[in-house]
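Shown below, as structure tokens, is a lone chain in the form predicted on its own; questions about how it binds or moves come after it.
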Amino acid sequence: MIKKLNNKIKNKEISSDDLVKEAITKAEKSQKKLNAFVTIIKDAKEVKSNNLLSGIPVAIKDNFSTKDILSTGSSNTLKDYIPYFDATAIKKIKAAGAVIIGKTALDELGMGGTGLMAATGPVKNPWNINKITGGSSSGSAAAVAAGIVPYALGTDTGDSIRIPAAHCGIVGYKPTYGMVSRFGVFAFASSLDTVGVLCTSVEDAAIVIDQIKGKDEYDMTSWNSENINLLASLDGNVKNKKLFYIKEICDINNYEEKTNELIKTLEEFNKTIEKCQELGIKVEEVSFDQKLLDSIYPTYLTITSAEATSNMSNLTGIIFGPRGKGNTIDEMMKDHRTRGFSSLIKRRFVIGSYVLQKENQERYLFASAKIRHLIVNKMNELFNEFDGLILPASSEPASNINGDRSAHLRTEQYLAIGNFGGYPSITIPSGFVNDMPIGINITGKIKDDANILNIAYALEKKLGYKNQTAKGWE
């Protein structure tokens, strides 16, 4: 899509100004139905650059610092915060000539997997506005799936790019940890947070990350990726590549509730495996310790709650956001945090504060770190033999907004493995179940992004869901 738009601009078939105006018009039109945006930038204009992204509109998740543009993290604690600087990824996207047309809603401060927890209200799925988008990069996913923008930036701490991508029928790519600088991104869980992209093709994912990746002196976890050219690596040659899937996740007999949607999703997964084999990819079933699989979510919850509690201790209403009421600073901070945070965020902070207490660290925080280490060690062993892990991106398509979402906790938790090990991980659309999109996820070894994207690129072509957009919201 990006190359196509770039060629149209170069050939003067369409102007950047027209593209930007169309995106802004669509964003405004969509708000009542989708509620994907926190801010729409009505005076967005092109800054010319000799780059594939030049003149093309983009949406940015509202947890990126954007100079002189409201940046709320979809939280009432930051509802009037306007930064004085751009995040490194934003600087790079601007330098490429991309035109930011809006900031997108997210589950408050990135904590949540539904898209229902933004301070501005639920984000609706463009395929069916009665369904969730998934989260936390909900607004970015909805904006891309609805055809408002060809791509949007997001962040992924446990599955926050890859689940919304699956539910919205688009591509969601979480690069290797540190490949893209996190400087200027609101920190949630710093050892897991990763900047990535949502778009409609693997090629577009490669184009965008090629532009914003790289070493940054302001982020000590970033690394030099000059020798990696993702776009140039997409040749579709995947013969004799080796993938594995986890038996315990893909065996229907391991599920207590064998819903119609789950059965169909696993059937579609088996069809995707057949497509892989037709491409010359070898796919094998591997058994994984069930105890480790069962420990993924509690480990993730413990680590993220602890890190979030520490990272967000500065949200006091004194430095950022509206002042709380009270006669002392302590009273003002207590009022600000009590009224400003949602119940979900406060629960996370209670858990985080508890596990960070000195007497509890060994039992909970350090134990979680050890379990994380065991999971990563097992994955690294498998990556010595295989190029990547392939699994359904979700066990079922998007649930009803007012429906039961407990399945998300039970079965999608394995996506956090990608964050535990800092692995590159990409979701691509793989079909439909009950008229809603589903996705396939591929995760590989660290810094092997080019290989993982190329496998996804070949499979995307075979599956045939490239550049699809939703019409259910119109």
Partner chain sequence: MNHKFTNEEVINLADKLLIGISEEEVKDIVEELTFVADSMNVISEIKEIDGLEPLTHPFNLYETSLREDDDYEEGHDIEDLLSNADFTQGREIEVPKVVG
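Bear in mind that the values here come from a model prediction, so they are computed numbers and not experimental data. Residue numbers count along the first chain shown, from 1.
Beyond what is shown, the protein has a form predicted together with its partner chain; the following relates to that form.
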*Interface stretch in the predicted complex with its partner chain - options 242 to 250, 154 to 162, 384 to 392, 346 to 354, non-hydrogen atom within 4.5 Å*: 346 to 354
*Given its partner chain in the predicted complex, answer whether the residues 263, 458 and 473 all have a heavy atom inside 4.5 Å of it.*
no
*Which of 95, 129, 283, 374 has a heavy atom within 4.5 Å of its partner chain in the predicted complex?*
374
*Of the options 233, 76, 254, 191, which one has a non-hydrogen atom that comes within 4.5 Å of its partner chain in the predicted complex?*
191
*asked:* With a cut-off of 4.5 Å between heavy atoms, is residue 291 one of the residues that contacts its partner chain in the predicted complex?
replied: yes
*asked:* Given that its partner chain is not shown alongside this chain, does residue 420 nevertheless sit within 4.5 Å of it in the predicted complex, heavy atom to heavy atom?
replied: yes
*How about residue 271: is it within 4.5 Å of its partner chain in the predicted complex, going by heavy atoms?*
no
_Is residue 334 part of the interface with its partner chain in the predicted complex - any heavy atom within 4.5 Å?_
yes
*Could you list which residues of 293 to 324 come within 4.5 Å of its partner chain in the predicted complex, counting heavy atoms only?*
295, 297, 298, 299, 301, 302, 309, 318, 319, 320, 321, 322, 323
